[in-house]
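Starting off, we have a lone chain in the form predicted alone, written out as C-alpha cells.
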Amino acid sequence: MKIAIYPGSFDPITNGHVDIIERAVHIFDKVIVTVARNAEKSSPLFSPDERIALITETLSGLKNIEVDSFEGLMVDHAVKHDAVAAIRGLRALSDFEFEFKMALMNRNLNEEISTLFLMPHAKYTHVSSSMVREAASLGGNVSDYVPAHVDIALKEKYDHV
C-alpha cells in the first residue's frame, strides 16, 4: 500500500488544499492529511483540534483519507505511518525556493521519504490560509476560497455572522 502524508498548518483548510488532496488520492492508496503543531508559528486562529474537525468534515466524501496531527519532524511522522512520500503544494514560483530547500533537508534526514509537488488549479494559485484569514478578519467574502462550513467557522471566529 502506497501511503503519503500531506502536512500543513491548514489554518484554515482552503479549496486549494482540497484540490491538492483530491489529486493525491488518485496517486496514492492512502493520504494522511496531518496538521503540523508548530510552536514557532504565531498564534493560530483555529486550535489543532478545530482544524482536524474542519478538515475531517471537508474530506468526508473522499475514500482512503486519514486526518491526523503531529509535532516534530515530518519525516519521523511519515515513518510512523509507513508513508513513502510527502505531498507539498506549489502555488507560485515564490513557494518553490522554500519548498525545494525543505524537500532537500527532508531527503537528507530520511532518503526513504520522497517529496511530491502538486499544483492546485489555477483559480487557487493566489490563495493561502493567511490571506483567507486576513480577508475574513476584515469582513471580506472568502466563500470562493474555502468550503462552506469553513466560511461559517471563520465568520464565527471574527463575529461577522
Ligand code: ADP
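This is a predicted model, so every value here is computed, not measured. From 1 onward, residues are counted along the sequence shown.
Below: the form predicted together with the ligand, not depicted.
- For the chain shown alone, F46 is not a contact residue for the ligand in the predicted bound form, no non-hydrogen atom being within 4.5 angstroms.
- Interface residue remark: V127 is counted as part of the site for the ligand in the predicted bound form, having a heavy atom within 4.5 Å.
- Heavy atoms of V150 never reach within 4.5 Å of the ligand in the predicted bound form, leaving it off the interface.
- In the predicted bound form, the ligand lies farther than 4.5 Å from every heavy atom of H77.
- Partner proximity in the predicted bound form, defined as non-hydrogen atoms within 4.5 angstroms of the ligand, places exactly one of 105-113, 92-100, 59-67, 24-32 at the interface: 92-100.
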